[in-house]
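Next up: just one chain, as structure tokens, the form predicted on its own.
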């Protein structure tokens, strides 16, 4: 695909059907390249794919592509925004080198989104970065945590309150194992399908959960709706089988960027992946009306909370 042409101010591309959601670009460098002004595509629900944009794991770092570095409790080794490394049993120099590798990925991901999305400059806030060392297939988990089922990202303990979840992924598998995804229908179609099945939260439940430290912030009606949509989709096996969807594979050495709170996705296979999350206020988008918060408010005919400017 040729370099993108800037969209008209406030314009967004039409939401693509699943089989057209993947948009490929020829970039080979993180901070440099002609590809830019892709806000209209990512906000429409496209998955931006860079098949030649690899995160380089240095030879001394290759040893970290092994599940043995996990602490055995977490599925990810994560670098918190404040600089704390979690989810690993590495100590001493090993821990320092592992953290340096994840920090380097986080820095390159920040360079990439700064170039791809000029509209967001100075407005994105970096969240956690992580190394995901485990094989996806064969992992035992509950249906609610089963990411092999189509879902949008929503987190029970970490309410976003309407902030966008922009994520940069990179397949760092040392062999030939692709990261296998399924991509689903447009978010508005998905919301319209399941909204009649939503149930109101118990009065006072958001404050009680926060006081008990079961959530890091107060859940808003938006968070409540997103969590239910997440669970309704995953629990509906008929929907999982028959919903509009398409398979997409990300080979080792490739990178992809997506709003994971908007694009229905399922992870079917793969091992060894890097990930960086960024938060964005929906009003800072090129087309704010495409944000899940605004879509759900439009479908329900009421406000679902005010996203914070800082979290």
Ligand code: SIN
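Numbering follows the first chain given and starts at 1. Since this is a predicted model, take the numbers as computed values, not measurements.
Separately, the form predicted together with ligand SIN exists; it is not shown, and the next lines address it.
J.: Counting only non-hydrogen atoms and a 4.5 angstroms cut-off, does residue 153 reach ligand SIN in the model of the complex?
T.: Output for residue 153 is yes: heavy atoms within 4.5 Å of ligand SIN.
J.: Residue-level contact is defined here as any heavy atom of the residue lying within 4.5 Å of ligand SIN in the model of the complex; does residue 181 satisfy this criterion?
T.: Because a heavy atom of residue 181 falls inside 4.5 Å of ligand SIN in the model of the complex, the answer is yes.
J.: Against ligand SIN in the model of the complex, would residue 265 count as a contact residue? Criterion: heavy atoms within 4.5 Å.
T.: Result yes; residue 265 sits at the interface with ligand SIN in the model of the complex.
J.: When the contact criterion is heavy atoms within 4.5 Å, does residue 48 count as touching ligand SIN in the model of the complex?
T.: It does not: once ligand SIN is placed as it appears in the model of the complex, residue 48 has no heavy atom within 4.5 Å of it.
J.: Just one stretch in 156-164, 143-151, 113-121, 190-198 has heavy atoms within 4.5 Å of ligand SIN in the model of the complex, so which one is it?
T.: Residues of 143-151 come within 4.5 Å of the partner.
J.: Which of 286, 53, 57, 273 has a heavy atom within 4.5 Å of ligand SIN in the model of the complex?
T.: The option sitting close enough to the partner is 273.
J.: Quick one: name the residues from 102-132 with any non-hydrogen atom within 4.5 angstroms of ligand SIN in the model of the complex.
T.: Heavy-atom contacts to ligand SIN in the model of the complex: only 132.
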